[in-house]
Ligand SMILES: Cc1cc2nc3c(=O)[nH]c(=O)nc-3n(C[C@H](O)[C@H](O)[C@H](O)COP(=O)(O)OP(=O)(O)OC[C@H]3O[C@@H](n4cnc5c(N)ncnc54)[C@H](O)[C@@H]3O)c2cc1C
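The chain below stands alone and is given as structure tokens, in the form predicted alone.
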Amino acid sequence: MVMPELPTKTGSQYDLIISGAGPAGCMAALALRESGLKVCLIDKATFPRDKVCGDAIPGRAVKALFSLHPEFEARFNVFKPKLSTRKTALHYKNRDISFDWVGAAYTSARIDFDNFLFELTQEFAKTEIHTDCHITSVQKENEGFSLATKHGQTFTCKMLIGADGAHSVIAKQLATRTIDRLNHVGSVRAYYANIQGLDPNTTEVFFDKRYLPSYMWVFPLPGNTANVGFGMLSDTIVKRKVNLKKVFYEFIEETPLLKHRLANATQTSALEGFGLPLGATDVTISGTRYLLTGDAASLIDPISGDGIGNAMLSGKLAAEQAIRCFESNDFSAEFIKEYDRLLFSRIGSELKTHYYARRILAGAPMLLDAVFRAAGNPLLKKLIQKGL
């Protein structure tokens, strides 16, 4: 049940509070549904709400969801506002490389996909939910935390899961997180309708040597629409004083294939910006009585920009660690580090490899020319596909 804003100054004491009801937070709540814990899920928005991103839903995301309960897979299968991704096409200097996807992957507007997860949580999770509830500060207490909201409420808990996104209040105040421009991407995206030659089952990426390793994406969505976006390392944006919105339209205008295909398309939304804290294995993602998940834990893939897959996996693993903490009555930072170990055993090698691949490409853009020239090499093609 979604609860309205509480009229009192002080809320209830919970075993666990999840801050953020996006994919990571909802996954955590769903994974806790049989835990017997008193759980509260809090989000500053009301649902359905939009989330500015690329709208790609990778296989890791749906696998994490399906692993919780067979009913969730059945619900996703009849969830209509999605397209199946069967191929990815890369474009550079009038050359193309395409890859067939072996595993399941999808595209879906985040306003739809996030609401799907939120409704699953409402139905299946034994969780008290508060929306339109903006947490502004977190105070440590002897046996937990006290969370204050913009409207003067207070919520207390024994343990806390931070799933509140790239600008996480939890990460800033408990893990003293700040933006690392060398591991952060600034991006913009807009929705377009009626793009010429749009294949509903093919995601597309366009490179330009002036902006490497940055790229523009065109990800199809239902209704002959597409998410079109562009991202660039924040450090580069600051040093070069780049206007991302200006570069977005310049990229289209100066890329013949894009210009041709978007000539008669209609931009159906404003061009909006968002930040991507890229994945790293040297950031703090847990501590005494708290865990960070998703974008709050800086888990976005440094090459593909995907954050949903790692977010949903981290939400599940955080919930499982929380259960172990209550079963063992051990909320120490050392005990909770098991979450870090399990998460990075799954995605750490991938994050490191993609981090160095991005740095190499940034320092030696001519490598992309070599890649496209050798695109017919089956082994090389397999390696590139593994990195997507």
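A residue's number is simply how far along the shown sequence it sits, counting from 1. It should be emphasised that the depicted structure is a prediction, and the values quoted were computed from it without experimental measurement.
Below: the form predicted in complex with the named molecule, not depicted.
Of the candidate stretches 233 to 241, 91 to 99, 216 to 224, 260 to 268, only 216 to 224 has residues with heavy atoms within 4.5 Å of the named molecule in the model of the complex. The closest heavy atom approach of residue 208 to the named molecule in the model of the complex falls outside 4.5 Å.
Taking non-hydrogen atoms only, residue 135 approaches the named molecule to within 4.5 angstroms in the model of the complex. Although the partner is absent here, residue 352 is not a contact residue: none of its heavy atoms lies within 4.5 angstroms of the named molecule in the model of the complex.
Using a 4.5 angstroms limit between non-hydrogen atoms, residue 274 touches the named molecule in the model of the complex. Checking 38, 63, 49, 359 for any heavy atom within 4.5 Å of the named molecule in the model of the complex turns up a single hit: 49. Of the residues given (313, 300, 171, 160), 300 alone sits with a heavy atom within 4.5 Å of the named molecule in the model of the complex. Contact annotation for 48 to 68: residues with any non-hydrogen atom within 4.5 angstroms of the named molecule in the model of the complex are 49, 51, 52, 53, 54, 55, 56, 58, listed in sequence order.
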